[in-house]
Every structure is written in C-alpha cells, then in structure tokens.
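In structure tokens, the next block holds one chain alone, the form predicted on its own.
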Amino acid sequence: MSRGKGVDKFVVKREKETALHLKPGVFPLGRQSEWAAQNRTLTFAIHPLTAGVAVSVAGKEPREKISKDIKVYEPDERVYFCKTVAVPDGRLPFANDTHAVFVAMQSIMGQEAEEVGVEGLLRMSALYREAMLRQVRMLQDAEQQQQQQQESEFVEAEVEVFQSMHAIWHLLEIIYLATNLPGLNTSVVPYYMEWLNFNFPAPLAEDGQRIADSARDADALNGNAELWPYLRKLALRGHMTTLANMLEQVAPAQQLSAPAARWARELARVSREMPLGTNDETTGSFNARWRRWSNEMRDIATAISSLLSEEEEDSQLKSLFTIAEILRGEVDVISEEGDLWQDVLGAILLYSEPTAQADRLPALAQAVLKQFQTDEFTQLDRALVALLNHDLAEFLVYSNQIDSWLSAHTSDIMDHLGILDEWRSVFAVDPRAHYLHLLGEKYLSHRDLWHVGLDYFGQSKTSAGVSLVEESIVRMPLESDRRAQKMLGVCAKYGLTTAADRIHRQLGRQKWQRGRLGAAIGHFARVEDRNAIGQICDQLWAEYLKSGNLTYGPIIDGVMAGGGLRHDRLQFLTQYRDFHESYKAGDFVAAGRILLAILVDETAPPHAIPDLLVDAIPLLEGDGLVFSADDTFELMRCAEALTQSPLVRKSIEAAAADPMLPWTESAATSGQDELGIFNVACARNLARSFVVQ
C-alpha cells in the first residue's frame, strides 16, 4: 500500500453530532408532526466569521400555492440566533500562550535559524508542553468543581484531548529534537522511558503506597493479592528503586519459601545495580557494564528456573522468575506481561537494546505491533505509531482528528526542522499552510481570538494565507476602538494597505455619524480622503453660521497637533478662528490682516466668501483705518469675483442645496443687500485711506 493511499483511508468520524436546542421552542413538545404538516419547516443561515446561526420558520411551499386561510402563529415570526462553540472559553489561556510561542518561533527561525538550531527549537517545544500541562491541571481543577453531568463529561473529554496532545508532542520532541543534541550518549531509551512513565503512568505510585500501608509486616505484605502483579509492572516499567525496596520488604515473610526469600533479596540487590548511561560516557563503555549486569541477571533467571521444576506450586518463586525474565530482556515474557504496546516497546528497549538510537524505533515498533489488535487502536495509538514509523503524512491526518491545534503546530515545527519537505508531494496542498489555515478558521469565530486566527493565516507564509487575512479583516465589525486598532495593527504587520484604508474610511464614517468630527478627520486624513475632510469642515462652518458660536477650536487643534495634515479647509478654519479671537480681543489691525490673507490666499471655500466679506464691513466702517488703499482694492476684487465667477456661483448654489448648510432663499436676498453695504463701506474706506496717505 502506497503512502498516498494510506492517507486516503483516514476519515474523520464524529461520534457525537452537535445539537442546537431552541428556547423557547417553535412548537409544543410532541407535536412536531402536526407542525411540519402545516407547510412549515426551519431554515437557517451561518455567519461566515462568527459561526453564529440564525434559525427561522419558513414555508415548504410559496404562500400563493396554498390556502390563504392558513394560520400564522407568533413563534412563526421569531428569528432564533444561536452560537456554535468552535473554541471553548476555557481554552483562551492556552490559545494565547501557545500563539505567543508560535509567533516567537516564526520570528527567530526567520532571522536567526542557524544560530537557534535544535537546542532553540527544543526550548520552544518545552514551552508548548508546559502550556499543555497547565491546561490539563486547570481542567482537572475545574472537573472537581463541576456539578452537572453534561459539563463534567465535556471537561473529561477536554482532559483526554490535552493529555493525548501532550503524549504525541512529547514523543515528537524526543525523536526529532532531544536525541539530536550533541553528546556521546544519544540513546533514545532513557527519553522513551521518561515519556512512557509520564504520559501513561502505570503502575501508579499511589497504588504502591496503598499496598505498603495496608501491610503491618512482611507476611501481611506477601498476603496482599495486588503485590506480585504490582512488582511485575514495576519491572516492566524500569522502576528499579521501588522494585528493590518492595522486594526487600517482602523477603523476610515467613510464608515465603527459603529459595524465594533468597532470590527476592538477590533480585533487589541486582536491580539497584542496573547501569545507567550518561551523556559523557561512550557507548562502548556503557555496553561493557551492561553486559556484565545482564549476564548476572541471566544467571539469576536460570537459577530460579531450575528451582521451579522442584517447586511447581511456589507462586512467589514463579513471580520472581517472571521479574528476572523481564529484567534480562526476554521478549516473550515482556509481551505476555505488557498490557499496552507502549509498555512492551519500552521494556524491550530498556532491557534488550539500551543503547538504541531513534532510527531503531520503527523496526522495533513493527515487531511489537504484530502482537496487538491494531483495529482496536485509538486515534492516539495510530498517531503515535505513525510518528514512530516516521510516516508524517498519516501522522498529520491522525493528529488533526485529535485536535486541529496539534496538526497545525506539529506541521510547523516539522517544517522548521526540514523534515516535511519530502512529504509535501503526498498532499494536494502545502500541509503546513493547510493545517495552520484550519486552526486560523477555528479561532477566527471566537470573539477574543480572531486576531490569533489571523496570525495563523498570515504566518503560513503563502499568498493564500495573506489573502485570507485581508478577506477576513475587511468583513469584521468595528465593535470598539481597541478592536479597530488591533485590526489596523494586523494590516500593518502584513502590509495590507488596501484593507487598512477601508478600515480607516469605515472608522471615519463611524466617528462622523457619532459627532466625533476630529477623530473622523484623523481617519480620513490617513487615507487622504480630501473630499470627506472638506465635507466635515463645511459641517463645522455650517454649525458656526447656525449658532453664531465658534466652538470648533479644540477639534481643529487636535487634528493639527500632529503637524502632518495639510488641507485648505482646515487652514481656513484655523485662520478664521485666529481672526475671530483677534477681533474679540480688539486687535482690529491683526484681525483685518488675517481676514485679508484668507481672501487673497483663497483658502476659504467659495460659498464662505460672502460671509467673510460681511465680516470685513465693521473693520471698513470702524474708527481706525484697518485696510489700506491696496487692501481695499483686494477686497473689492474679491467681491467682484464673487459676482462674476461661474465657479463661485456654482459653489454657492451647491451650498444652498446642502441641507447641512443654513442657506435659504431669504438668506440669498439678504446676502445681496449685505454685498451692497460692503461696496459702500469699501468706497468710504478707500476715500479715508487716500486722505490719510
């Protein structure tokens, strides 16, 4: 069977389908058939981002095709909004913690990959495992507090998922990272036994303590039916110190035969002397020590075997023989005693091949698995076997069935290790990007993890991933300023200028509608939307004309504080505010100078010129001479342009049609009268200026 076909056979099986319960219901309990017979059914729509579901009653046939006297009930007019939970809230700390590790890994591997090496990846891997263990502890604490059975079952399932994820990740770390560190002893055996005893804890230390506490003396201990099976399990798992201690405790029992007592003490002694390898010891040196120990254990097993022919009914002696056979690496006895294939593989490694490297695991695993019914394997078993066999295609498929977080992060770290390249041809798409996108979609539907989901899209390092970020972010609601700033941060991170412009425009419209005009101008300025800025400035001017109170000063000051925004309308409002303040302070000369600059520089919108000319009348008619002859000629030129220019007339007409600006037909007539007064004032001021000069 080819690897490609091997992947095809793995189909995700859902043991439990998600059920949505509507409350209040759309029909009384037990009357579903009656309800359905009256041309009613349910229709639904799923939100693409939030995974929310809208459910409503609909007709099977159009109303025109059925009787017009059909009854309509109040529940028919309801729309039910439901939310499917893709990520439980309890996973929030785990998702955020591991996302931080993921982002850090992408950063350091992108810039300093050669310097980081295996040791750096091992540290990152340890952070992932710590997050999984924290989640398990948190769930176990929550499980003790759950009172409802349904919630308790969910927590139990979550605990099982995270324990499975940790077991898989821990083994991956051993095979590809821990055993590749520099050192003389790179045997996989101590790492595998640590993994086995941590992730599949048996025998439990609590069981041993309970057996020991229940015995007053050696005879009582020997009489405990759980003792000898427990000792055999200790031998299988390599718990030599505990095994030796309990053998020494039971050896003085009067119920033990003299040979059994003797060999119990001897096994305890030899168990304590089992050699352990170190990183600074060569393989040859360790093998020499191991052979001496193994030969001694074989001699003990042979001696006990010879006694068994004479003491056939000595069950304790038989158990001691079984323990000796396990310790000397007898495969048949190990296979018979091991309940799990992981147990059997661990004992064979520990006692038969103590210096085995990681590349020896596939062959040993295949030999062990022949003794087990693989059809009954769980998804965890299948994922572990695929990992041991270095079949990464099947491994990723099974990992994804356990949890999409696992497949996403394992494919990522495999990619950094460079071992995923040879498997890319097995998949129709890039596996790393595919699984990262799956996890991103899952997180995207959560109200607090949407930005995490976008990062998994973007960090896939594919054009499709960046497109997913852009398509998703422009469809997200701008629920708060904080959320909007996070969205803009994502756009900046991935260079999404078009999406950022759309968000700024949307924010600008929101602020405008809510009356926060300064903030609206700031957002429109980011996208250089001069038209929108001009309309807001016109609104500020219109509010001033309507109320007579110049209150837009703080808004303009806030907008102009950055110094980077340049717009004619903003400059006009700023200059007019300065004119207003100078006039109010009695500095008429400064006020006249500012007013003339506004008109000459043409920063004012054409529809505001009539009001500016009217503002000039008190300065023209004042006691002191504010405008010189040249200044007066400039004012008269502006007034003539106002009456002659078709562009100015068009602007005034457009302003008159704008509902935000206080223009009426009577106001236009009044403007004509005021223009006549302005012309007279200019003539008088011109005469005064000639006299003074």
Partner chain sequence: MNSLQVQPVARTVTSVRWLPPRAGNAYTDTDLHFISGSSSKHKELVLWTTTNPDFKQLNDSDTTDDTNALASLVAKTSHDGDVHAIAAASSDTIVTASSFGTISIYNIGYGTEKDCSLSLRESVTAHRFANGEPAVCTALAVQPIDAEDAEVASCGEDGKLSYAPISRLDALQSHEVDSTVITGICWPTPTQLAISTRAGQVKLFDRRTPSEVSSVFVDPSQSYDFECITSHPSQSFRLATGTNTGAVLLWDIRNPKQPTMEAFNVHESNVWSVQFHPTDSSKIVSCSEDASLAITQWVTGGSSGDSQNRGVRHLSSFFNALSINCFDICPFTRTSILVAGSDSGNLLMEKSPANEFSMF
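Numbering follows the first chain given and starts at 1. Definition used throughout: the rigid core is the maximal C-alpha set that superposes within 1.5 Å between two forms. Note that the coordinates shown come from a computational prediction; the quantities given were computed from them, not determined experimentally.
Just so it is clear, the following notes concern the form predicted together with its partner chain, a form of the same protein that is not shown.
J.: I need to confirm a contact call. Of Ser467, Asn279, Ser547, Gln513, which residue comes within 4.5 Å of its partner chain in the predicted bound form, counting heavy atoms only?
T.: Result of the distance check: Gln513.
J.: With its partner chain left out of view, which of Glu173, Glu158, Asp455, Glu394 would have a heavy atom within 4.5 Å of it in the predicted bound form?
T.: Checking each option against its partner chain in the predicted bound form, the one that comes within 4.5 Å is Asp455.
J.: Should Gly284 be classed as touching its partner chain in the predicted bound form when contacts are defined as heavy atoms within 4.5 Å?
T.: Contact with its partner chain, no.
J.: Against its partner chain in the predicted bound form, would Val101 count as a contact residue? Criterion: heavy atoms within 4.5 Å.
T.: Yes, Val101 is a contact residue.
J.: Answer yes if any heavy atom of Asp314 is within 4.5 Å of a heavy atom of its partner chain in the predicted bound form; otherwise answer no.
T.: Although its partner chain is absent here, Asp314 would stay clear of it in the predicted bound form, with no heavy atoms inside 4.5 Å.
J.: Whether Asp141 contacts its partner chain in the predicted bound form should be assessed with a 4.5 Å heavy atom distance threshold; does it?
T.: Residue-level check for Asp141: no, no contact with its partner chain.
J.: Looking at heavy atoms inside 4.5 Å, which stretch does its partner chain contact in the predicted bound form, given the options 367-375, 91-99, 420-428, 263-271?
T.: Careful reading of the contacts points to 91-99.
J.: Does any residue in 435-452 get within 4.5 Å of its partner chain in the predicted bound form, counting heavy atoms only, and if so which ones?
T.: Heavy-atom contacts within 4.5 Å come from His446, Arg447, Asp448, His451, Val452.
J.: So, does Ile174 move by 2 Å or more at the CA between this form and the one not shown, with the core held fixed?
T.: Ile174 C-alpha, core-superposed: shift of less than 2 Å.
J.: Taking the rigid core as the reference frame, tell me whether His504 has a CA displacement of 2 angstroms or more between this form and the one not shown.
T.: Yes: His504 shifts by at least 2 Å between this form and the one not shown.
J.: Once the two forms are fit on the core, has Thr551 moved its CA by at least 2 Å between this form and the one not shown?
T.: Thr551 C-alpha, core-superposed: shift of 2 Å or more.
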